[in-house]
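Here you get one chain, nothing else, as structure tokens; it is the form predicted on its own.
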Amino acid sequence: MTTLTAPPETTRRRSGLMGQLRERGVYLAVAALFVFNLVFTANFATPDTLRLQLIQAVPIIIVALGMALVIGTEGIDLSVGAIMALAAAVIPLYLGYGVLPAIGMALLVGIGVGLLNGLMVAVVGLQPIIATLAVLVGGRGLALVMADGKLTELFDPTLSALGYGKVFGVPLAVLLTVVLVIMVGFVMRRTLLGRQLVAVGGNRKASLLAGVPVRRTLFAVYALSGLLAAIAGVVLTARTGAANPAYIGLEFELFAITAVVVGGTPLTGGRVRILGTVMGAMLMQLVSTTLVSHNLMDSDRRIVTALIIIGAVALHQARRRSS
């Protein structure tokens, strides 16, 4: 029996096409949605609307940066939404001492929860999805207890400046996000931690044999994820002018994972795409804006998000099979 196989040139073309879609698909999708809204969405091209898109994407981008680092180690962090809620719950408790101490305590809580995740994953040996799922449930419950289950309005002009302030017309929150993107990109490209992170995600056993400090790397990665989630929680709290642990960070773990996967970082680890992650977050924001602007329901957004995730993972699997 003769087996028919595709010519080598055809296989290479298919592999190349999959690679191009994997590498640039998120950019094409963002561009296509942007053009669609320019043409079919009223008032989309106004400066205020475009500025609002950036501001609304800020928390997702910040959380997704940390998620990308964790996924790069072949892990997952489902606790980021709960960390955002904890950060929001902590701020009113320490705001009487000043804005900076309150923000500092919120960030310390984020780092502490991240270290707890790292302890359970790196030392205890729990699967990341189990460890962080437990923190997701327990962390939000603790945040609600700290806030007494109530929304707390915050009347502090300094904190409000973080949510609404501008520098040369650019929102302060957007500038903060740009700085964080640059810093995380620098960590990945120019530091030992970035190289160790990729090595651990690529092959953990080989990394151990090569002398890579796997436990220390995992601790650092989960701590960074916790810190970035806490920053996102602070920014969102400043933006809304209220600490509401029941709402802040809700479903952000799903948004962040989607942004990372769509941005080209494989769930199998060993690679992190920072700019792709940023564009993945922008894609999710544009999808939400498009659906809302055209009077579609939140359930439609969830369905579209699910299809985007399935498409991104399927594209990655197809590329692996063709390589």
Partner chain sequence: TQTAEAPPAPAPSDAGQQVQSTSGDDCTYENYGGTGVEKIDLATATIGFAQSEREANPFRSAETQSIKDEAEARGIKLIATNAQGDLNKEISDIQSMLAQGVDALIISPLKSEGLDPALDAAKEQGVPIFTIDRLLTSKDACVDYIGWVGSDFVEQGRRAAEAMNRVTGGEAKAITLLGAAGVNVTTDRNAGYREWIDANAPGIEIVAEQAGDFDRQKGQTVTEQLLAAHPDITAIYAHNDEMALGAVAALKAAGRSPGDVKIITIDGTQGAVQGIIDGWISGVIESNPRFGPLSFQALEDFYSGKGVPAVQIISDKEYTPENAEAELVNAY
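Numbering follows the first chain given and starts at 1. Model, not experiment: these values are computed from the prediction. Just so we're on the same page, rigid core means the largest C-alpha set that superposes within 1.5 Å between forms.
The following text describes the form predicted in complex with the partner chain, which does not appear among the structures shown.
With the partner omitted here, the residue from 109, 236, 218, 173 that has a non-hydrogen atom within 4.5 angstroms of the partner chain in the predicted bound form is 236. Between the options 161, 93, 115, 242, the residue in contact with the partner chain in the predicted bound form by a heavy atom within 4.5 angstroms is 242. Contact check for residue 181: every heavy atom lies farther than 4.5 Å from the partner chain in the predicted bound form. Of the heavy atoms in residue 288, some are within 4.5 Å of the partner chain in the predicted bound form. Put simply, residue 28 is far from the partner chain in the predicted bound form: not one heavy atom of it is within 4.5 Å. When contacts are judged by a 4.5 Å heavy atom cut-off, residue 52 counts as touching the partner chain in the predicted bound form.
In short, of 243-251, 173-181, 222-230, 97-105 it is 243-251 that has heavy atoms within 4.5 Å of the partner chain in the predicted bound form. In this stretch, 211-230, not one residue has a heavy atom within 4.5 Å of the partner chain in the predicted bound form; the partner itself is omitted from this view. Here residue 38 does not count as shifted, since its C-alpha moves by less than 2 Å between the shown form and the other one after the core is aligned.
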